[in-house]
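First, one chain by itself in structure tokens, the form predicted alone.
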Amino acid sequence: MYQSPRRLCSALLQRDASGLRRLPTPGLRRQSPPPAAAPRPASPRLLVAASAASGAARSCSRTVCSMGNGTSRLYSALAKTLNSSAASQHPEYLVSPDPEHLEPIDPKELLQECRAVLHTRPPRFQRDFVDLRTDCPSSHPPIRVMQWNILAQALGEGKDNFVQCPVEALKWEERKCLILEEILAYQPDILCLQEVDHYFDTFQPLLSRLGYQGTFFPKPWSPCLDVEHNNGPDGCALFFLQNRFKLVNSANIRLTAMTLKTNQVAIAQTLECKESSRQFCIAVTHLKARTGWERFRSAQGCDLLQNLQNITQGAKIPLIVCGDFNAEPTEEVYKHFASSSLNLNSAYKLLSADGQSEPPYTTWKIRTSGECRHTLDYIWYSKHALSVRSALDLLTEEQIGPNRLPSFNYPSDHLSLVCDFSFNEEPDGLL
């Protein structure tokens, strides 16, 4: 039977939710419910649909993605050359939406659904955009780009050992709504995500109905597959608004290091702006984590830069690169990007007083090994072809709180980065 778009998004959002309540309009902080108010009961039909969808996803996880390294080895045979088109041929971890339901949904309505699920949680933190414009306004609307490592659900619950984060704060039924709320609050034109392990059952079906076209490239040997009751492999995802951009070409890149194929990936897409007919390349990546792998990350970065050099025709096409580089600014891979012939600059440096310093942190967590406060996430851009018009400020230490991230307030251990870009009117000979 046909379900309206509202009922469909409710089914995806309301898994195990106890009720719905009408909440403030987008842009306002969520408030605690009045003492006398009671949540409006959810439609039984929505709860039945949600229960069925949740059960199907859990069944898929139990059947295919059981615990142990054997699963990683088994899946790697499929994933070594996996790309977004091949992914649809592997239904063992893909729950495809019914084409009948692929109708647009109102972002305000979806945001209201998220806030209804989250009505018992603290309100979202307020973050402000910093105006960085130094010239006359552009003749075309800016391009808003969002970069975010959203924290894979399997890793958050199973491997990352966030000792100060309550288990209840990591429940996917609510955490996914916090992630969606963050995305909907800033309404990016382009969305670059890492550690996505719920692409097919959450992000693709919902964001496609909001007008985004998405691409997902999983890691060949995702650590998520070693976690019991996982939802499949994690990887990078790239979304763009179809009413603003036309896809010119797309490349899924499995990064190499010292001639060896690695477990890290990237997506690079050339887009054409429908308003201006200007082309640019947008890329998303997630480099190898952990101390001791600095040379490995450096090699991965060099491989990515070489690929991007070819894709942008030797820097003729403007470039934006988003990613969790797992590298502080002192590392070689950062220096490679800063000194590349692609003429890149790091957007978030512009928030500093001198325009030369990265933020003090983009991730802050407490694990069994201790407290970790690092700058690892970046948005790089072609400084001769593009200008940063504004950037979203970071959460303060007071907002983050003593237990750090993730938390009931914030769904990931990494902060989202958001920038507004415009093309320079005279981009020094670049397209």
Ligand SMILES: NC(=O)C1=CN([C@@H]2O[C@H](COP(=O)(O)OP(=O)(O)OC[C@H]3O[C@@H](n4cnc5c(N)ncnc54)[C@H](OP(=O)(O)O)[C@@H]3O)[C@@H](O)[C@H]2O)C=CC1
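Please read all numbers here as calculations on a predicted model, not as lab measurements. One rule holds for the numbers: they count along the sequence shown, beginning at 1.
Although not depicted, the form predicted together with this ligand is the subject of the following passage.
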Just to confirm, Thr215 within 4.5 Å of this ligand in the predicted complex by heavy atoms? no
Just checking whether Glu228 would be counted as a contact of this ligand in the predicted complex - the rule being heavy atoms within 4.5 angstroms. no
Arg175: touches this ligand in the predicted complex, heavy atom cutoff 4.5 angstroms: no
Quick one: does Asp413 come within 4.5 Å of this ligand in the predicted complex, counting heavy atoms only? yes
Taking this ligand in the predicted complex as the reference, which of Phe129, Phe125, Trp221, Tyr186 has a non-hydrogen atom within 4.5 Å? Trp221
By the heavy atom within 4.5 Å rule, which residue out of Asp324, Asp201, Glu113, Asp303 makes contact with this ligand in the predicted complex? Asp324
Looking at 261-269, 303-311, 167-175, 235-243, which one sits within 4.5 Å of this ligand in the predicted complex if you count heavy atoms only? 261-269
Which residues from 366-402 come close to this ligand in the predicted complex, meaning a heavy atom within 4.5 Å? Arg367
